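Form predicted alone, single chain, as structure tokens, below.
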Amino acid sequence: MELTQGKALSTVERLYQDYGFRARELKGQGEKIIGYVCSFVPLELIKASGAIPFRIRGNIFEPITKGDTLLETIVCPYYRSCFDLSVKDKYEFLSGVVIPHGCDSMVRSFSTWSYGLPYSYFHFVNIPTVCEESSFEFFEEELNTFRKSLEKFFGKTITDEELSRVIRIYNENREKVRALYELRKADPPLISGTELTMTLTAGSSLPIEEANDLFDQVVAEVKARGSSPLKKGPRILIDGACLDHIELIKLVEDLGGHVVADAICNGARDHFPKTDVTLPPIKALSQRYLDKVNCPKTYRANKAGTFEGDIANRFGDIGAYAKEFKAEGAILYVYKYCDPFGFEVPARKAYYQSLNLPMLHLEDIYSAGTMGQLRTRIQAFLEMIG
């Protein structure tokens, strides 16, 4: 049986398919839209400046053409797709773009974005790669520099009071994402991984207040199902970098599995951590984005003294998600040329072995054309653990 789709999920699908529709509409009403790539961009500062943050997506169905005339082809294919669509004026409604130090591809290509695109505003957020006391001091200064840059561009002072108010709104957003994930705990889950991914992706194209309202509507609509009409199947956790499309998850679910957990950039790993509202806002944001977002680009010293202890510290969030959502297997999905995740594959494999959690490692090139090639491997994996 198929899951029923009501008004809220129909809205989600429309926003997912026509990505940027609402932002384009708001631009026409005089709003300023600031695009960003990567979860390391402190969205609270953009919102407090009076602008609307908008997550730039790629498109696995769109061949990368114009972008490759300006950007090296050895760059992460997901990131190249985001740039390619920008060059093709897919995101013509943006007033500017913010890029953080999320990986070497982002660092080294920032000048290509700023010289190759016609937007009025560009900013690079330099994020430390280690979590030391001096790193937080540096990052606070970086955030204040970003703050001043936004103030100059928009002609508006970003007060601590306004920033604290916005931080609370984003914390509410993360609580609502948590509520969506709770719907995955039933066996079979009330909400499919495909629906959840579409919902989060659609939300990243909306003003935060509208995203919060949409998430509430989806939670209410899915709860109204009472019980899931789906058949039971292997419960899968997806691990890896940014997954802003549904094709991989849909493939797993079409083959009888259920994606019930994840540790991906635009999923639980980066949505669950909240900002400490008891601290001064800039200090609180520096701690959230540097320490609480557990990305492989951030080095955390091996305080355990052993390899086993180190991987338990580095990947403990994955184990916690797997246990909480009763995952029976994991798929580690890594893009070709993604160095932060690519270098960690052996350590992640060792960690999954320590959990006795079966894991399938897939390397892909961010293209719909490869999904058929992945189908046989995923099907065999599901049969092995099912």
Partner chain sequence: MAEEQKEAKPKKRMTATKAAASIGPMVKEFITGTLQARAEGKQKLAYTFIVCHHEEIFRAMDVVPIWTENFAGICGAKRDAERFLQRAESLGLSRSLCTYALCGIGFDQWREELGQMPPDAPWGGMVKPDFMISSGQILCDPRSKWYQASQQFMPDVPIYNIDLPYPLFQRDQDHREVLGYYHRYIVKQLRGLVAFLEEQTKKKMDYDRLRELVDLSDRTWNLIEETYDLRKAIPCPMGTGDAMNTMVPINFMMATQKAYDFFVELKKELEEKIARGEGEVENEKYRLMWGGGLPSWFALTDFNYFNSKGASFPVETTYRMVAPLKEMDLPETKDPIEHLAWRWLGYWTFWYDKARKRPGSEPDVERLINRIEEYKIDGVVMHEAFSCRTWHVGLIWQLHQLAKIYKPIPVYVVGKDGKKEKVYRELPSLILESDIIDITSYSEVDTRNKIDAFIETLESIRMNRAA
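Positions refer to the first chain, counted from 1. Please read all numbers here as calculations on a predicted model, not as lab measurements.
Only in words, not in the display: the form predicted together with its partner chain, which the text now covers.
Trainee: Just one of 274 to 282, 221 to 229, 130 to 138, 257 to 265 has heavy atoms within 4.5 Å of its partner chain in the model of the complex; which?
Mentor: After filtering at 4.5 Å, what remains is 130 to 138.
Trainee: Decide if the three candidate residues His101, Gly116 and Ala350 all line its partner chain in the model of the complex, where lining means a heavy atom within 4.5 Å.
Mentor: Yes, all three are in contact.
Trainee: In the model of the complex, does Lys292 have a heavy atom within 4.5 Å of its partner chain?
Mentor: Lys292: no, not in contact with its partner chain in the model of the complex.
Trainee: At the 4.5 Å heavy atom threshold, is Cys338 in contact with its partner chain in the model of the complex?
Mentor: Contact check for Cys338: yes, within 4.5 Å of its partner chain in the model of the complex.
Trainee: Residue-level question: is Ala51 within 4.5 Å of its partner chain in the model of the complex, judged on heavy atoms?
Mentor: Answer no; every heavy atom of Ala51 is more than 4.5 Å from its partner chain in the model of the complex.
Trainee: When the contact criterion is heavy atoms within 4.5 Å, does Tyr121 count as touching its partner chain in the model of the complex?
Mentor: Answer yes; at least one heavy atom of Tyr121 falls within 4.5 Å of its partner chain in the model of the complex.
Trainee: Can you work out which of Leu180, Leu85, Leu71, Ile208 has a heavy atom no more than 4.5 Å from its partner chain in the model of the complex?
Mentor: Selected residue: Leu71.
Trainee: Even though the chain is shown alone, can you say which residues of 246 to 266 have a heavy atom within 4.5 Å of its partner chain in the model of the complex?
Mentor: Counting only heavy atoms within 4.5 Å of its partner chain in the model of the complex, no residue of 246 to 266 makes contact.
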